[in-house]
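Take a look at this single chain in C-alpha coordinates; it is the form predicted alone.
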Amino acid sequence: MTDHRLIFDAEAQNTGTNTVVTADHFLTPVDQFFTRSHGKTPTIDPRSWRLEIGGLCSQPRSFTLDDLRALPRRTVPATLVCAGLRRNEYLLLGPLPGELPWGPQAASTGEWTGVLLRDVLDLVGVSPAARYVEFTGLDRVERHGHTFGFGGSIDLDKALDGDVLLATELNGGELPPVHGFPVRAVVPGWIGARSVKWLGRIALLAEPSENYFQREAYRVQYTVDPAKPRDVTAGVALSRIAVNAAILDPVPEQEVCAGLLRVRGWAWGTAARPVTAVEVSPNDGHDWLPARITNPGLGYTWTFWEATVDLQPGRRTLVVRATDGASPAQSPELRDGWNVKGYANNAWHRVAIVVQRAGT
(Lines give C-alpha, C1' and ligand atoms only; values in the text may rest on other atoms or scores of the structure.)
Protein backbone atom coordinates (compact mmCIF):
# COMPACT_ATOMS: atom_id res chain seq x y z
CA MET A 1 0.00 0.00 0.00
CA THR A 2 1.27 3.46 -0.84
CA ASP A 3 1.90 5.57 2.26
CA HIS A 4 -0.05 8.80 1.68
CA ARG A 5 0.96 10.35 4.97
CA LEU A 6 2.85 13.60 5.39
CA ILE A 7 5.90 12.77 7.50
CA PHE A 8 7.45 15.59 9.50
CA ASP A 9 9.60 13.53 11.88
CA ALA A 10 9.86 9.78 11.37
CA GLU A 11 11.82 9.13 14.58
CA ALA A 12 9.27 10.89 16.78
CA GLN A 13 6.37 9.54 14.69
CA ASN A 14 4.76 12.81 13.61
CA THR A 15 2.67 12.03 10.54
CA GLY A 16 -0.55 13.33 9.09
CA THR A 17 -3.19 11.67 6.93
CA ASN A 18 -3.81 12.50 3.31
CA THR A 19 -6.88 14.76 3.28
CA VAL A 20 -8.66 12.96 0.43
CA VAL A 21 -8.13 9.61 2.15
CA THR A 22 -9.68 11.17 5.24
CA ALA A 23 -12.65 12.46 3.26
CA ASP A 24 -13.37 8.92 2.06
CA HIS A 25 -13.39 7.36 5.54
CA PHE A 26 -15.56 8.53 8.40
CA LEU A 27 -13.53 6.20 10.66
CA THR A 28 -9.89 6.76 9.81
CA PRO A 29 -8.06 3.54 8.84
CA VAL A 30 -5.51 2.73 11.53
CA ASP A 31 -2.62 2.87 9.05
CA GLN A 32 -3.72 6.39 8.07
CA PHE A 33 -4.34 7.72 11.58
CA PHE A 34 -2.31 10.85 12.29
CA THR A 35 0.45 10.45 14.86
CA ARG A 36 2.04 12.98 17.22
CA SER A 37 4.73 12.28 19.78
CA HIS A 38 7.72 14.07 21.27
CA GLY A 39 10.14 11.15 21.36
CA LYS A 40 10.63 7.56 20.29
CA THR A 41 7.86 5.02 20.74
CA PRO A 42 8.71 3.02 23.89
CA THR A 43 8.84 -0.78 23.88
CA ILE A 44 6.56 -2.03 26.66
CA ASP A 45 6.09 -5.63 27.82
CA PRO A 46 2.36 -6.00 28.54
CA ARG A 47 3.06 -8.80 31.03
CA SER A 48 5.06 -6.55 33.33
CA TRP A 49 3.20 -3.30 32.57
CA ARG A 50 1.53 -1.65 35.53
CA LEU A 51 -0.67 1.43 35.85
CA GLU A 52 0.08 3.19 39.13
CA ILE A 53 -2.72 5.38 40.51
CA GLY A 54 -2.07 7.63 43.49
CA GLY A 55 -2.13 11.17 44.78
CA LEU A 56 -5.27 12.47 46.46
CA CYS A 57 -7.09 9.17 46.83
CA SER A 58 -7.89 6.85 49.73
CA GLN A 59 -6.64 3.59 48.20
CA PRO A 60 -3.63 4.01 45.87
CA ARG A 61 -3.35 0.99 43.64
CA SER A 62 -1.36 -0.69 40.89
CA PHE A 63 -3.38 -2.20 37.99
CA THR A 64 -2.31 -4.94 35.60
CA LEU A 65 -3.82 -5.35 32.16
CA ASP A 66 -5.88 -8.24 33.50
CA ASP A 67 -7.19 -5.98 36.26
CA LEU A 68 -8.40 -3.48 33.67
CA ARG A 69 -9.85 -6.18 31.43
CA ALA A 70 -11.97 -7.41 34.34
CA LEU A 71 -13.83 -4.07 34.39
CA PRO A 72 -16.82 -3.28 32.14
CA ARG A 73 -15.75 -2.47 28.57
CA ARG A 74 -16.89 0.60 26.68
CA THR A 75 -16.46 1.74 23.06
CA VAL A 76 -16.44 5.48 22.34
CA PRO A 77 -16.24 6.99 18.83
CA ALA A 78 -14.06 10.09 19.07
CA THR A 79 -12.08 12.42 16.84
CA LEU A 80 -8.60 13.21 18.11
CA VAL A 81 -7.26 16.62 17.14
CA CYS A 82 -3.71 17.91 17.45
CA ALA A 83 -3.42 21.34 19.07
CA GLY A 84 -1.40 22.46 16.04
CA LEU A 85 -4.16 21.64 13.54
CA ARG A 86 -4.12 24.11 10.61
CA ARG A 87 -0.99 25.83 11.93
CA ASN A 88 0.40 26.14 8.41
CA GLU A 89 -2.10 28.93 7.71
CA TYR A 90 -0.53 31.05 10.46
CA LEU A 91 2.76 30.85 8.56
CA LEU A 92 1.22 33.34 6.13
CA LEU A 93 1.51 35.88 8.95
CA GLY A 94 5.09 35.04 9.91
CA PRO A 95 7.37 32.21 11.04
CA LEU A 96 6.63 29.91 13.97
CA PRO A 97 10.08 28.49 14.79
CA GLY A 98 10.22 24.93 16.00
CA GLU A 99 6.54 24.12 15.35
CA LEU A 100 5.24 21.45 12.96
CA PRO A 101 3.50 22.99 9.91
CA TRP A 102 0.29 20.95 10.23
CA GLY A 103 -2.57 21.52 7.83
CA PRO A 104 -5.95 19.81 8.35
CA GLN A 105 -4.18 16.42 8.35
CA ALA A 106 -3.74 16.39 12.14
CA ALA A 107 -7.20 15.04 12.96
CA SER A 108 -8.49 11.47 12.81
CA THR A 109 -11.54 9.59 14.04
CA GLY A 110 -11.57 6.15 15.61
CA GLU A 111 -13.64 3.81 17.72
CA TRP A 112 -11.77 3.50 21.01
CA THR A 113 -12.43 0.58 23.35
CA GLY A 114 -11.34 0.26 26.95
CA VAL A 115 -12.57 1.00 30.45
CA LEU A 116 -14.04 4.22 31.75
CA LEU A 117 -11.60 6.34 33.71
CA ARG A 118 -14.48 7.03 36.07
CA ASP A 119 -14.77 3.33 36.95
CA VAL A 120 -11.05 3.08 37.72
CA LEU A 121 -11.08 6.22 39.86
CA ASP A 122 -14.00 4.83 41.83
CA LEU A 123 -11.79 1.91 42.86
CA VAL A 124 -9.12 4.17 44.39
CA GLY A 125 -11.49 6.55 46.19
CA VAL A 126 -11.15 10.16 45.00
CA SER A 127 -10.34 12.59 47.81
CA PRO A 128 -12.61 15.65 48.24
CA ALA A 129 -9.49 17.78 47.79
CA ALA A 130 -8.83 16.45 44.26
CA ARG A 131 -9.56 18.84 41.38
CA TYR A 132 -7.42 17.46 38.54
CA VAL A 133 -6.33 14.13 37.10
CA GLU A 134 -2.78 13.88 35.79
CA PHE A 135 -1.66 11.36 33.15
CA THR A 136 2.01 10.45 32.69
CA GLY A 137 3.37 8.29 29.89
CA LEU A 138 6.19 5.75 29.87
CA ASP A 139 7.96 7.43 26.95
CA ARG A 140 11.10 9.47 27.56
CA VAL A 141 11.25 13.12 26.53
CA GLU A 142 14.09 15.53 27.20
CA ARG A 143 13.54 19.23 27.86
CA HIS A 144 15.93 21.71 29.51
CA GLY A 145 18.28 18.93 30.55
CA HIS A 146 15.58 16.83 32.23
CA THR A 147 14.19 13.50 31.00
CA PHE A 148 10.61 12.57 31.85
CA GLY A 149 7.42 11.03 30.52
CA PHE A 150 5.03 13.12 28.44
CA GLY A 151 2.08 14.18 30.57
CA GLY A 152 -0.68 16.61 31.37
CA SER A 153 -3.88 16.94 33.34
CA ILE A 154 -7.60 17.37 32.87
CA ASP A 155 -10.26 18.74 35.18
CA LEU A 156 -11.75 16.16 37.55
CA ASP A 157 -15.23 16.95 36.23
CA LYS A 158 -14.08 15.98 32.75
CA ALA A 159 -12.31 12.89 34.09
CA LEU A 160 -15.58 11.69 35.61
CA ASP A 161 -17.38 12.16 32.29
CA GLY A 162 -18.77 8.87 31.00
CA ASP A 163 -16.76 9.10 27.76
CA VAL A 164 -13.17 9.43 29.02
CA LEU A 165 -11.41 6.11 28.49
CA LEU A 166 -8.34 4.14 29.32
CA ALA A 167 -8.22 2.60 25.87
CA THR A 168 -6.62 -0.67 24.78
CA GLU A 169 -8.16 -0.98 21.30
CA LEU A 170 -8.55 1.19 18.20
CA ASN A 171 -11.10 0.36 15.49
CA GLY A 172 -11.63 -3.12 16.88
CA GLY A 173 -7.98 -4.15 17.02
CA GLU A 174 -5.22 -3.99 19.59
CA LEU A 175 -3.87 -0.50 20.16
CA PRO A 176 -0.78 -0.14 17.94
CA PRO A 177 2.49 0.81 19.67
CA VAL A 178 2.63 4.24 17.98
CA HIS A 179 -0.85 5.00 19.32
CA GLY A 180 -0.07 4.15 22.93
CA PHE A 181 0.08 0.36 23.45
CA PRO A 182 -0.80 -1.13 25.84
CA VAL A 183 -3.01 1.63 27.34
CA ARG A 184 -3.63 5.27 26.55
CA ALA A 185 -6.00 7.92 27.77
CA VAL A 186 -8.69 9.10 25.36
CA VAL A 187 -10.22 12.43 26.36
CA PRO A 188 -12.94 13.16 23.77
CA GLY A 189 -13.49 16.79 22.89
CA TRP A 190 -10.13 17.97 24.29
CA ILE A 191 -6.88 18.56 22.42
CA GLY A 192 -5.00 15.38 21.62
CA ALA A 193 -2.13 16.29 23.95
CA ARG A 194 -4.31 15.41 26.94
CA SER A 195 -4.99 11.91 25.56
CA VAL A 196 -1.65 10.70 26.89
CA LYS A 197 -0.18 7.55 25.33
CA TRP A 198 1.76 4.67 26.94
CA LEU A 199 0.15 5.38 30.30
CA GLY A 200 2.18 4.48 33.36
CA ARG A 201 0.78 6.68 36.12
CA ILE A 202 -2.38 8.57 37.01
CA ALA A 203 -2.34 11.02 39.91
CA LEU A 204 -5.20 12.92 41.54
CA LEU A 205 -4.11 16.49 42.26
CA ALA A 206 -5.35 19.69 43.85
CA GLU A 207 -3.65 21.80 41.13
CA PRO A 208 -2.95 21.26 37.42
CA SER A 209 -0.04 19.03 36.47
CA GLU A 210 3.48 20.42 36.73
CA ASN A 211 4.52 18.36 33.69
CA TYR A 212 6.35 20.46 31.10
CA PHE A 213 3.64 19.82 28.53
CA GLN A 214 0.99 21.28 30.83
CA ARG A 215 2.98 24.06 32.49
CA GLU A 216 5.20 25.25 29.61
CA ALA A 217 3.69 23.95 26.36
CA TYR A 218 0.22 23.51 24.86
CA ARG A 219 -0.79 26.93 26.10
CA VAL A 220 -2.29 29.80 24.11
CA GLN A 221 -0.46 33.10 24.53
CA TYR A 222 -1.25 35.99 22.22
CA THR A 223 1.73 38.27 22.93
CA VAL A 224 5.41 37.52 22.48
CA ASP A 225 7.82 37.91 25.38
CA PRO A 226 10.81 39.65 23.71
CA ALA A 227 13.20 38.04 26.21
CA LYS A 228 11.82 34.54 25.49
CA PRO A 229 10.10 34.62 22.08
CA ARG A 230 8.87 31.00 22.23
CA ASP A 231 7.83 31.00 25.89
CA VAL A 232 4.09 30.55 26.56
CA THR A 233 4.06 29.94 30.30
CA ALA A 234 1.96 33.09 30.77
CA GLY A 235 -0.70 31.69 28.43
CA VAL A 236 -3.82 29.63 29.09
CA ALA A 237 -3.59 25.84 29.03
CA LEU A 238 -5.44 24.27 26.11
CA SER A 239 -8.39 22.04 26.89
CA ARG A 240 -11.60 21.80 24.82
CA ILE A 241 -11.37 22.02 21.04
CA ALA A 242 -13.31 24.85 19.43
CA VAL A 243 -15.91 24.64 16.68
CA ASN A 244 -14.07 24.15 13.39
CA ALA A 245 -14.44 23.16 9.75
CA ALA A 246 -12.05 22.29 6.93
CA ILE A 247 -12.13 21.61 3.21
CA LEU A 248 -10.47 18.28 2.39
CA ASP A 249 -11.38 17.96 -1.29
CA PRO A 250 -10.22 19.73 -3.44
CA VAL A 251 -6.75 20.30 -2.04
CA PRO A 252 -4.80 23.58 -2.22
CA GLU A 253 -3.56 24.55 -5.69
CA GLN A 254 -5.47 21.71 -7.35
CA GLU A 255 -6.42 22.32 -10.97
CA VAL A 256 -10.09 21.65 -11.73
CA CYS A 257 -12.38 22.17 -14.69
CA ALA A 258 -14.82 25.08 -14.87
CA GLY A 259 -18.42 24.29 -14.02
CA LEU A 260 -19.85 22.26 -11.17
CA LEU A 261 -17.41 21.08 -8.52
CA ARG A 262 -18.02 18.93 -5.44
CA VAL A 263 -16.43 20.34 -2.28
CA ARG A 264 -16.30 18.22 0.87
CA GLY A 265 -14.74 18.13 4.30
CA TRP A 266 -15.28 17.85 8.04
CA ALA A 267 -16.69 20.04 10.80
CA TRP A 268 -17.25 19.69 14.55
CA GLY A 269 -18.78 21.52 17.45
CA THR A 270 -17.48 22.13 20.96
CA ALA A 271 -18.18 19.88 23.97
CA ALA A 272 -20.05 17.26 21.89
CA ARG A 273 -22.51 19.81 20.56
CA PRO A 274 -23.70 18.76 17.08
CA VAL A 275 -22.89 20.89 14.08
CA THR A 276 -26.08 22.75 13.16
CA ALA A 277 -24.94 24.35 9.88
CA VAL A 278 -22.03 24.37 7.43
CA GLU A 279 -21.68 27.03 4.73
CA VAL A 280 -19.35 27.14 1.73
CA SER A 281 -18.27 30.16 -0.28
CA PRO A 282 -16.98 29.81 -3.86
CA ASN A 283 -15.50 33.32 -3.87
CA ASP A 284 -13.51 34.02 -0.71
CA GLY A 285 -16.48 34.75 1.51
CA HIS A 286 -18.45 37.14 -0.70
CA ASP A 287 -21.32 34.69 -1.25
CA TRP A 288 -22.37 31.63 0.76
CA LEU A 289 -24.44 28.53 0.18
CA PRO A 290 -25.48 25.82 2.62
CA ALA A 291 -23.58 22.54 2.59
CA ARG A 292 -25.29 19.17 2.92
CA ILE A 293 -24.51 17.10 5.99
CA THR A 294 -23.59 13.67 4.63
CA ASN A 295 -22.73 12.09 7.99
CA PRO A 296 -23.76 13.94 11.16
CA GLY A 297 -21.38 12.02 13.37
CA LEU A 298 -21.88 10.97 16.97
CA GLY A 299 -21.08 12.98 20.09
CA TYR A 300 -17.38 13.76 19.97
CA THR A 301 -16.76 12.85 16.33
CA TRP A 302 -16.47 15.05 13.29
CA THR A 303 -19.37 15.64 10.91
CA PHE A 304 -18.91 15.15 7.16
CA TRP A 305 -20.40 17.65 4.70
CA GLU A 306 -20.34 18.41 0.99
CA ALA A 307 -21.50 21.16 -1.35
CA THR A 308 -21.62 21.76 -5.10
CA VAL A 309 -20.29 25.06 -6.41
CA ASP A 310 -20.34 26.52 -9.93
CA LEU A 311 -16.96 27.98 -10.84
CA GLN A 312 -15.74 30.18 -13.68
CA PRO A 313 -12.17 29.94 -14.98
CA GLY A 314 -9.46 31.64 -12.94
CA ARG A 315 -7.89 31.43 -9.54
CA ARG A 316 -10.61 30.88 -6.92
CA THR A 317 -10.62 30.70 -3.14
CA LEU A 318 -13.08 28.31 -1.52
CA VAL A 319 -14.06 28.97 2.10
CA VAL A 320 -15.95 26.98 4.74
CA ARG A 321 -17.40 27.89 8.13
CA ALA A 322 -19.55 25.97 10.61
CA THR A 323 -21.58 26.53 13.74
CA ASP A 324 -22.95 24.40 16.56
CA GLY A 325 -25.49 27.06 17.52
CA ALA A 326 -23.83 27.90 20.85
CA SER A 327 -20.06 28.33 20.50
CA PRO A 328 -18.47 31.64 19.49
CA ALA A 329 -18.51 32.07 15.72
CA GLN A 330 -15.43 31.19 13.71
CA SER A 331 -13.42 34.26 12.83
CA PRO A 332 -13.07 35.28 9.17
CA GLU A 333 -9.54 36.53 9.86
CA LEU A 334 -6.46 34.46 10.71
CA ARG A 335 -4.85 37.29 12.64
CA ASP A 336 -7.67 37.26 15.21
CA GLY A 337 -6.48 33.90 16.58
CA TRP A 338 -2.72 34.14 16.00
CA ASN A 339 -0.70 33.01 19.02
CA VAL A 340 2.94 32.34 19.85
CA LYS A 341 2.83 28.59 19.18
CA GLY A 342 0.22 28.65 16.44
CA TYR A 343 -2.28 26.54 18.34
CA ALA A 344 -6.03 26.06 17.94
CA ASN A 345 -6.61 27.76 14.59
CA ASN A 346 -10.36 27.77 13.90
CA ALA A 347 -10.65 30.72 11.52
CA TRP A 348 -12.60 30.21 8.30
CA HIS A 349 -10.73 27.61 6.27
CA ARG A 350 -9.63 28.81 2.83
CA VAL A 351 -8.41 26.67 -0.07
CA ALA A 352 -7.10 28.35 -3.23
CA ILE A 353 -7.54 26.37 -6.46
CA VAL A 354 -7.03 26.96 -10.17
CA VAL A 355 -10.11 26.62 -12.40
CA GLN A 356 -9.32 25.74 -16.02
CA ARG A 357 -11.59 26.20 -19.01
CA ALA A 358 -13.26 22.95 -19.99
CA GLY A 359 -11.23 21.11 -22.60
CA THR A 360 -7.93 22.87 -21.89
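All of these numbers come straight from a predicted model, not from anything done at the bench. When you see a residue number, it is the position in the sequence shown, counting from 1.
Keep in mind that the form predicted in complex with a small molecule is missing from the display, and what follows is about it.
Although the partner is absent here, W305 sits far enough away that none of its heavy atoms falls within 4.5 Å of the small molecule in the predicted complex. In the predicted complex, the small molecule stays beyond 4.5 Å of every heavy atom belonging to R316. Taking the partner from elsewhere, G189 is found to have every heavy atom lying beyond 4.5 Å of the small molecule in the predicted complex.
Shown alone here, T35 lies within 4.5 Å of the small molecule in the predicted complex, counting heavy atoms only. Judged by heavy atoms within 4.5 Å of the small molecule in the predicted complex, the contact stretch among the candidates 177-185, 248-256, 264-272, 161-169 is 177-185. With the partner omitted here, the residue from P104, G137, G114, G110 that has a non-hydrogen atom within 4.5 angstroms of the small molecule in the predicted complex is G137.
The partner is absent here, but in the predicted complex a heavy atom of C82, alone among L204, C82, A217, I241, sits within 4.5 Å of the small molecule.
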